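Just the one chain here, the form predicted on its own, laid out as structure tokens.
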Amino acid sequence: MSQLHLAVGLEGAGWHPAAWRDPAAAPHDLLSAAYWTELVAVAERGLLDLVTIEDGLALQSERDDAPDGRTDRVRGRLDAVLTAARVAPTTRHIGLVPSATVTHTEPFHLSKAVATLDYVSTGRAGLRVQASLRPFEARHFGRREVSFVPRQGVDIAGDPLVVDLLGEVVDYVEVLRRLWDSWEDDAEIRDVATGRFVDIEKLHYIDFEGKHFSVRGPSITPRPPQGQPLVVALAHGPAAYAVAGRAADVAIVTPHSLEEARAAVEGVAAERSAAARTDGPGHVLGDLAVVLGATTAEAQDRLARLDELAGEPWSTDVDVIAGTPTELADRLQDWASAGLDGYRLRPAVLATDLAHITTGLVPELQRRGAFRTAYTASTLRGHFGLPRPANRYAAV
């Protein structure tokens, strides 16, 4: 049995809409540094590969076409990249992957922010890129109009706006990667005797010209420790497999069955092959929401109580599992047969379910030989067995 990769998604008090009202939650601490450092410390003690940290360009909303105006849900958040940078010095092994909306924002700014995160984390930075189809987010910037495209139950793969936005994400990641490479690894000389700090011949203009960006470079931040921080993309369906396969190092897919898991793995692999990627193996993680308990009944009772607080059953974009860590381990190993390399788990209530993951699920997977018993790499790319890429400009 090959070992699984495990990630946890950090979002507010948890992913269930009523998580902040759970007795174990700490809603008054959501904007404190101590809250986030403790969550990541728990994940690191469980030897997880990485945490993702959610972000957005507008208040959280359960509608895609407009703010929902709800006051009974968590609204408001910290900046994910800055949160990761605050947490980084308090950890030693776990990968830190903030989310960033790349629609409306500039790749130059994000490239240096993530490169800086890679420095302060000594090689454990990643980035989850996400596109925005929300017109009310576009209005924060005023640079373009975005028409609302309904996603629930609609095949959006051929929608021209969707195709254009996803193509923009691919270009965005290409600009990020070129900027990270725009300094050769030995560009900084720091030769006090000659007075030369930088070898200007080893800084490169990236000269990217595309439909959405015209970026010359070079970056202001030297090449980060990993060379290329890990790029992660969430892919809900075939329309997004192109981004995951063509631009990302790690894809997160959202199957609801073993068959859907297999189709997603094949879809991402087909896009990766079409792009003729030669930068190492691509990894595909399955995304699951989890409510865990010592017994199945306890977990299901917890979910029922949360649903009662929310006033409706939990409806989310991924499969929801309410059960014991052993039952979850069974599911993870079953679906791994479809070719999934691991999973990102979305805890319903972080204060409770993250602990069940690290003290229940992880030992169970270790007992089965399906998860690491110690960190064996010092970088996030190393956790996934990915080599440090050669600098494209130095190789010319």
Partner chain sequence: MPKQIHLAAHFPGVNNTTVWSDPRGGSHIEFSSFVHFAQTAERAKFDFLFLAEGLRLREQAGKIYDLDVVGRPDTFTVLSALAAVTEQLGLTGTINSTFNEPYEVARQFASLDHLSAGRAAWNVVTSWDAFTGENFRRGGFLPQDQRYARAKEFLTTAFELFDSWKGDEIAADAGSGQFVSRPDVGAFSHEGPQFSISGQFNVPRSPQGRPVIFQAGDSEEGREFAASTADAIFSRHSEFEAGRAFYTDVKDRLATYGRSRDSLLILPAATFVLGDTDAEAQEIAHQVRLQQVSGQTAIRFLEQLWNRDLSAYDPDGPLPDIDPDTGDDHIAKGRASVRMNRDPVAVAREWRALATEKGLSIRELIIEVTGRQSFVGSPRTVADEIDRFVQADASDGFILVPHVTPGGLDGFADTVVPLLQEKGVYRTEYEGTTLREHLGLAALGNAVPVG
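Because the structure is predicted, anything quoted here is derived from the model rather than measured. Positions refer to the first chain, counted from 1.
There is another form of the same protein, the form predicted in complex with the partner chain; it is not shown, and what comes next is about it.
Out of the listed residues K112, R262, H256, R92, K112 is the one that sits within 4.5 Å of the partner chain in the model of the complex by at least one heavy atom. This chain lacks the partner; the member of V120, A270, A304, L161 within 4.5 angstroms of the partner chain in the model of the complex by a non-hydrogen atom is V120.
In the model of the complex, the partner chain lies within 4.5 Å of some heavy atom of E168. Proximity of G76 to the partner chain in the model of the complex: non-hydrogen atoms within 4.5 Å are present.
Using a 4.5 Å cutoff between non-hydrogen atoms, E327 does not count as a contact of the partner chain in the model of the complex. In the model of the complex, at least one heavy atom of S214 sits within 4.5 Å of a heavy atom of the partner chain. Residues of just one listed stretch (311 to 319, 132 to 140, 274 to 282, 236 to 244) have heavy atoms within 4.5 Å of the partner chain in the model of the complex: 132 to 140. Interface residues of 27 to 42, taken as those with a heavy atom within 4.5 Å of the partner chain in the model of the complex (partner not displayed): P27, H28, L30, L31, A33, in sequence order.
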